[in-house]
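Form predicted alone, single chain, as structure tokens, below.
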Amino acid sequence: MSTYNPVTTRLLSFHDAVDDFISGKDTPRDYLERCIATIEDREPDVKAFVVMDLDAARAAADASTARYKSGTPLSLIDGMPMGIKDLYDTADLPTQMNSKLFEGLQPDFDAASVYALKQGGAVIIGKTTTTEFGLGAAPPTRNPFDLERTPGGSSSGTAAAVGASMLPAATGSQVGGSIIRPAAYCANYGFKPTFGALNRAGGRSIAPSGSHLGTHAGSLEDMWQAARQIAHVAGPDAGHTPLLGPMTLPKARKPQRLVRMYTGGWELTDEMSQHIFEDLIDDLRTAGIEIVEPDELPVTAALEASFQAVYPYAASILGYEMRWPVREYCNKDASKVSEVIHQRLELGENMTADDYQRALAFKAKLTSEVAAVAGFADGFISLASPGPAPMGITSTGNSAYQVPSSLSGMPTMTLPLLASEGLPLGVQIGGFHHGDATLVAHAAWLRDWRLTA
């Protein structure tokens, strides 16, 4: 176990190496080799990858090196070593979803996001682990800061690979808390954009109305620029507004007023983590940011009440929507589907169309309540988890802090600003629909403020 300090611990940053690529002091191939050396050292313990193709990664890094030498990089992420969550198709690597049913499945085409990253010159090292279908049994992955603890999930390998400095960035996805929570446990910057803002085509989600594609990284710059590259080339889901904003990290902007979110997570949070977060809130107030308690205004009180009530509705929507294809998976070979998935499917099988409609009505109400706060505050703040990563790897932790933002579709981020028990303790900030660039600008200010406070 290593002792984590959010001020002194630095994960990989690809962004910081680019100037040396341009000047010739460093190359993408040499950067990749340093990543591979770290993988060789840490991967046997962390187990973040399902499969890798280092020969293909080296060839891609060599091509990127040649482009920098000729002054023709393809994008801001040209040469960036990346991992792809094993729920998204890759034409040259299998997509197995941590499922015995899909062992060895080789897609013919890249997912839209993978295509976009490759078009920008990203160097794909391999597929990172996930829970079964993103919802079920946990993978063997371990937390890089304490191997006896979970890295979180379902973006388990993505968060662990970034946290172990094996990669500067990787893709993740979230239905409940699958980007924000593992990112928080592993000291990543984790980004869940507005629902639909990044193209999910070629993803194998079994929760279509709730799954968000996002990015994890060791730096804010890499997190944002990888996401913007996906949006720039692949666009959004059909019928949705794309991720908007500059290709480079938005300029830091100090938030003036943040609404504190308690959700169902606060009462589950250990006492030490509560005290650490309260100290952060006091520091923010001292820095001139107004922190609004939910009970101060009817509009925020109504929203907090919905945040507290959200979980059964989210579970119902998930259960109802996953009936297909999971029913077919179970019919094919129920013994290859985990008990967790069987239980989630049973919930959906026992629902009626009226039940589903009531859950969707709650979702619409929640979304409108978030929007109602937009004219009053700059965003939201909470912890990203009820404490540091819990012991053991069979559970990926509790998603109570993330489910409200996931169901509403609002953009959220986690920032590695705190530590508890010598382990990462993430801070979650939320914004308003299609205000992703503003949210990231606030994150940049919070990062810079925390590092200099």
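All residue numbers are counted from 1 along the displayed sequence. No experiment lies behind these values; they were computed from the predicted model shown.
Just so it is clear, the following notes concern the form predicted in complex with another copy of the chain, a form of the same protein that is not shown.
K.L.:
Using a 4.5 Å heavy atom cut-off, which stretch among 137 to 145, 78 to 86, 306 to 314, 232 to 240 contacts another copy of the chain in the predicted bound form?
P.N.:
Checking each option against the 4.5 Å cut-off leaves 232 to 240.
K.L.:
Does another copy of the chain get within 4.5 angstroms of any non-hydrogen atom of D110 in the predicted bound form?
P.N.:
Contact check for D110: yes, within 4.5 Å of another copy of the chain in the predicted bound form.
K.L.:
Please determine whether T248 contacts another copy of the chain in the predicted bound form, using a 4.5 Å cut-off between heavy atoms.
P.N.:
Although another copy of the chain is absent here, T248 would stay clear of it in the predicted bound form, with no heavy atoms inside 4.5 Å.
K.L.:
Residue-level question: is E369 within 4.5 Å of another copy of the chain in the predicted bound form, judged on heavy atoms?
P.N.:
The answer is no: E369 has no heavy atom within 4.5 Å of another copy of the chain.
K.L.:
Look up in the predicted bound form whether E290 has a non-hydrogen atom within 4.5 angstroms of another copy of the chain, and give yes or no.
P.N.:
Close contact is absent here: in the predicted bound form, E290 is far from another copy of the chain, nothing within 4.5 Å, heavy atoms only.
K.L.:
Going by heavy atom distances of 4.5 angstroms or less, which of A301, A334, L105, A364 would be at the interface with another copy of the chain in the predicted bound form?
P.N.:
Contact check passes for L105.
K.L.:
Heavy atom within 4.5 Å of another copy of the chain in the predicted bound form: which of L297, L347, L74, A201 fits that? Just give me the one.
P.N.:
None of the other options qualify; the answer is A201.
K.L.:
Residue by residue through 308 to 331, tell me which have a non-hydrogen atom within 4.5 angstroms of another copy of the chain in the predicted bound form.
P.N.:
Contacts from 308 to 331: Y320, E321, R323, W324, R327, E328, Y329, N331.
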